[in-house]
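In the structure tokens that follow, the same protein chain appears in two forms, which are kept apart as structure 1 and structure 2.
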Structure 1
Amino acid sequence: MTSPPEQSHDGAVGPVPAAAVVPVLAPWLPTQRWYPVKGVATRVRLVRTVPLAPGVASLLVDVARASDDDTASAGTPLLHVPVVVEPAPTDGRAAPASAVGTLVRDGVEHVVHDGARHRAFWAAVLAGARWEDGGGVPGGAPGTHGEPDLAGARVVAGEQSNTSVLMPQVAGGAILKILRTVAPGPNPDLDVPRALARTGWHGVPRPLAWWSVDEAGASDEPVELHLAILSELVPRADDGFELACAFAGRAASFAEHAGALGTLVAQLHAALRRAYGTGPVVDAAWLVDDLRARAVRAAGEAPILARREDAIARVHARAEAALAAAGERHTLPRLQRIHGDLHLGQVLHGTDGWRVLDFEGEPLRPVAERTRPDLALRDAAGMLRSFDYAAAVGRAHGTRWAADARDAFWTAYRAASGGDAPTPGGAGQDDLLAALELDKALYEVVYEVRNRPDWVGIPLAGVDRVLERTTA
């Protein structure tokens, strides 16, 4: 069972002193993967404190550039920063990995912990969560209720936009996803899996519970602000990207796995259509104009793209012609709900095959943008780009590893989509896919220029591959 926060010398742990904690967090926050503003001086403003237990709270803060005036914080991303504050150990023990810094409170030194890595916060969240079955906190087996058994619980390693905690003894095996960038209203990472589960599709881990607080909406009506989601654990599952990198590293073909993944993504799109219906056919003129505008912005932010602008324009011209031909045949693709940020890191491979997860999309974009209908082919393009990254990390240089994986994925996706495919079909399908894959690669070039310059060669090679294939 989980122990409560360590008590102070007078036997009490009081409310989290949020005003004193924020300055302790300030130098730590910019070092985190999920911090929204990189490379410039920023300021952090406390928006709200959500107490959970003595010494345990969630802080909601917003971030703005230090040069901005106070009004600039309105509309900036809202960050969820869980904290646990407890007296510092006096027995010489080293600070745990969750420790962020210290503060003095009532003459006693206290440690400020990243609550997302602390068992006291995990237990408090589970105690306050809303459960899908309407019950209380499940213990070590399905159907039992009481205090959670956090034996073996651990934070998932690696870079993430959120923080995930494996809980093998909770509800027969679960994973707690602590959301870091939050916004009022339905969270797609809860809403979409629940909707898919209701259709009977089992290609997504089933949500078990969620923790939220009420926020005032535009009409002053309370709306939920989701802060954490608990989902079923996929047993003995491998992260899709890590699995692909391992295959690439030993020059083992990933084609069979990629083909199964293509089938899964086609099934996902069909399930999303059942759950949410379809939208109108794509506005071809708007789509091509948008792709062109995004390419211009990318070239402006990554000058390395400048000499490729003419070839990029030819890819867009081919996509425009393909969409025009599809319009004449009345086969323009319809918009629909999609995943929105699909790549190998968003899927798991378990004993019963692939599962797809993380429907939150790009968390820094407004929810309305992330959830609006789009082209299903965007998801396919994102997955195709991901094979290039796996090949590079796995050092499968100078081989057909990535090409074989892409071919297997795309062949299986088209076959599983069949007559229900939300695409223009024929050669036009390939031209539209190429334009969307190029769009994703250009986005990746800009990202790597900003964040990991040593990696920029990976998406740049993808840009050149698309350009060579479509302009030959």
Structure 2
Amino acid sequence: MTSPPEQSHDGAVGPVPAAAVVPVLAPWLPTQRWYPVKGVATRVRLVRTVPLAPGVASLLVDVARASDDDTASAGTPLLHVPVVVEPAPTDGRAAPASAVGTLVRDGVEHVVHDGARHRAFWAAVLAGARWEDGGGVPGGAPGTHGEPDLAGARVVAGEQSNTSVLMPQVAGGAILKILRTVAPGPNPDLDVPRALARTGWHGVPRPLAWWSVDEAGASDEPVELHLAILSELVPRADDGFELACAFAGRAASFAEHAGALGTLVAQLHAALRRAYGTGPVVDAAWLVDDLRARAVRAAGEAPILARREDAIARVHARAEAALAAAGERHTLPRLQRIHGDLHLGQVLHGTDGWRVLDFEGEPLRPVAERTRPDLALRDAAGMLRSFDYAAAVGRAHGTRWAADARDAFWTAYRAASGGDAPTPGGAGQDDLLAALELDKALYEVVYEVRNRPDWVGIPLAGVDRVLERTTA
């Protein structure tokens, strides 16, 4: 059963008054890293309240530009906002970090908390979750069931699209990912790790449980809407990006770690082929059109790219020629399920090596595109780009550090892919890889313009490096 919300001075906690809570949340939401619409005035509209326990609920709100009329809300992002509402303390205690604001209900002041930072919400989700093993909430001791032991539970700090909570005592060590931008239907961040775990591959933390609600589908049949996922904790793990930045900062070679990552990514691609099969060979015309269309969209969002358009077009032309040559040699790469947003921040280095996380795909891509079969090489390009980021953020001296990491990664990736290499091979491979790196760097420019404008120089330098390499 659920734990009650933290006790109040009078113990009176009823259903969450969602309509009154939304105006309290409205000014706070745009300040959150995971808020999906940046830089323009927005309005939020309550779509659904999912009650979990007295004073505990998840609100589903849609976010639209303030300038759009109400009919424009179709297709706008649906946000998951857990809340806990409880009477304000009367003993002068300072508001906890989870407090977002207050409202008055029946003459009593109440605090509205960010539920993602509140134990009452965590306990309620674990109680309502579906467990992979079919059991209930495992307690601290392996094999026991009952109340979850939330001792030591804490929110993971840092740059994240969702909100994750470490729960060292739950199920022998787990992490609860509270999904923020949600959509009805299968969630790749749950489905892919489950499918990979079923193939017997251990490079991904195993999902333990998930919490979802039913939404009405197109013909009124229920469709699952996933709101949170509990996964096995990788103990004493270092975030790949922080680790790489630390190595770069002390001028220590990252080549060994990068090589192990290359092997991991090749294994990931093989496991994805085992789980989902291999698709047809890439349609070269479709791929190049898609790269061109994404580049045009990126330049539209980031005017800083405009004067590079001719050079970008030359990279695409070379990729087109490389694909045409591969077509003639019958060595066009096949499509398959991929990670889709692979970078150093998506890998953890634990006591037994690297693990890969977060299969949601690029958050700026439309949901329908994120799970479609694609080129495995796209993931390799993402990781190669990430060494640039680590070199820049970790302040590596010169270009050697990143170049060594890139070489080690790429060499190990190809070696571990062996005869199954999902690459076109031959001289054209470099041109295709360059076009995919460019595509990722353009995506990153848009991502940084929207989210971290101070960082835009990092991917922009990456764009220029690809353009220089290709025109050299």
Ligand SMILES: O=P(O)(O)O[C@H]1O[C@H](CO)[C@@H](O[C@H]2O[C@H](CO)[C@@H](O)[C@H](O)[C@H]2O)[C@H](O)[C@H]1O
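Residue numbering: sequential along structure 1, first residue numbered 1. Model, not experiment: these values are computed from the prediction. Just so we're on the same page, rigid core means the largest C-alpha set that superposes within 1.5 Å between forms.
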The form predicted together with this ligand is shown as structure 2
Would you say V22 moves its Cα by 2 Å or more between structure 1 and structure 2, aligning on the core?
no
Would you say E309 moves between structure 1 and structure 2, meaning its CA shifts by 2 Å or more once the core is fitted?
yes
Answer yes if the CA of V446 moves 2 Å or more between structure 1 and structure 2 after aligning the rigid core, and no otherwise.
yes
